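Listed next as structure tokens is one chain, alone, in the form predicted on its own.
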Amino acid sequence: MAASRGEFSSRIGFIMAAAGSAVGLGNIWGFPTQTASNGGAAFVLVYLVLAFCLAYPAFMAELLIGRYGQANAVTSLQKMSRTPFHKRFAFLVGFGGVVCAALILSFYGILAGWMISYATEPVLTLGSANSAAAWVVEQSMARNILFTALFMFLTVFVIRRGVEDGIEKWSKRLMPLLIVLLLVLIAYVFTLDGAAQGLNAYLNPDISRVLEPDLLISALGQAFFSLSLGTSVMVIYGSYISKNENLVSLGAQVTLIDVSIAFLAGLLIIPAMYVAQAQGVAIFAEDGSLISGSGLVFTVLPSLFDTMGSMGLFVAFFFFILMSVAALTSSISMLEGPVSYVVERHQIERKKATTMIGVIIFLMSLVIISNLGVMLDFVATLATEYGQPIIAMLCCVFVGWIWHRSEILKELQQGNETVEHGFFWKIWPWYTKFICPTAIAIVFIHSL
């Protein structure tokens, strides 16, 4: 079964692919924005604790479902089911994750297209194509359609090639590129006036704020959403892992890479904000809130790049290339969920299924683009604030309450024979059964 479906050829291949899925715009863009809006270092501290104490156990649940089932999300969950009701419940959860992934990609492709367009602008400016440079960063339907189509083409190109030659190969190329770009930009920003103040705000926590309800909820949500939970992505990636691999250590390594890159992104964005402030760019309102909020990357940072003269064009280019790479490493995982479902449940050839689903999701993007002011926020909220927490919570319920404990242990022992005697097995089943569903439910209720 695994040979015909494809399989990650190496441990590093899975780690790069899973980390690539987790490391997207939510880490490079969302995490620093959340940090700036929620007390700086206090938010970072809480996020790091919750990522390992709550998000990692839920992440492991989805990986286990996938490797046990060796199939798409729906089939894997149904293999765990014992009764007709469980099978119907499994279909609801698995197919819900597939739909959620498609919804996320439909608006994610638009945002990623903007990243590519902003990366194009400095190139056109250097080439003295000033009118074209202005066009690619102005809101227009033609611009949005063109760059969304370009990004979706790149995503489809990777997924059409399958697991080893597509997902794994490109993740191995893109993830190191992302990390190198991030480190180079951090090193450059640290040389600018104002960076030290930003670094202090980022790394010096106000301990009195760590128990604030809004900060806790925001950090918990960021921890879950940044690991691609609730979208069927980690279930399908788990199904491509060899039975000989130690899932406990693999999951921990992916979680560590995810939070590390989120932390590095904060080291770039937060000091850059204070550098912009030192250059006269307004960052915070009188009440201390961010002026730009989620629009930070398209307003404040370009203003900072403008103050750097010709050097700013190069910095802007590399920054938005970084954002585009981060978006692509996530989008390929989001497309793989629906594709694997169609290929395995409806026996459609992979290349045909990938192209077909890519076109359908692009058409969904066109609907959003046609009424951007309303539809973008609506679809983003529907998928990330409602869809993801519900599906992630139900996956934990499945593992904690429906899947037999003896079968879970047997699956974990493949690749880790001594897991029964370790700290993970003593804590994780209880965590997944009680703590994770409760924590995700809190995030969901707060989002209402």
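Heads up: residue numbers just count along the shown sequence, starting at 1. Computed from a predicted model, the values in this text were never measured in an experiment.
The following text describes the form predicted in complex with a small molecule, which does not appear among the structures shown.
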Selected contact from Met334, Leu220, Leu268, Val325, since only one has a non-hydrogen atom within 4.5 angstroms of the small molecule in the predicted bound form: Met334
Exactly one of Gly39, Gly415, Gly69, Gly26 comes within 4.5 Å of the small molecule in the predicted bound form through a heavy atom, and that residue is Gly26
Based on heavy atom distances of 4.5 Å or less, which listed stretch (154-162, 69-77, 174-182, 103-111) is in contact with the small molecule in the predicted bound form? 103-111
Can you tell me if Ser228 lies within 4.5 angstroms of the small molecule in the predicted bound form, counting non-hydrogen atoms only? yes
Considering non-hydrogen atoms and a 4.5 Å limit, does the small molecule approach Val235 in the predicted bound form? no
So in the predicted bound form, does any heavy atom of Ser330 sit within 4.5 Å of the small molecule? yes
Using 4.5 Å between non-hydrogen atoms, is Ala439 touching the small molecule in the predicted bound form? no
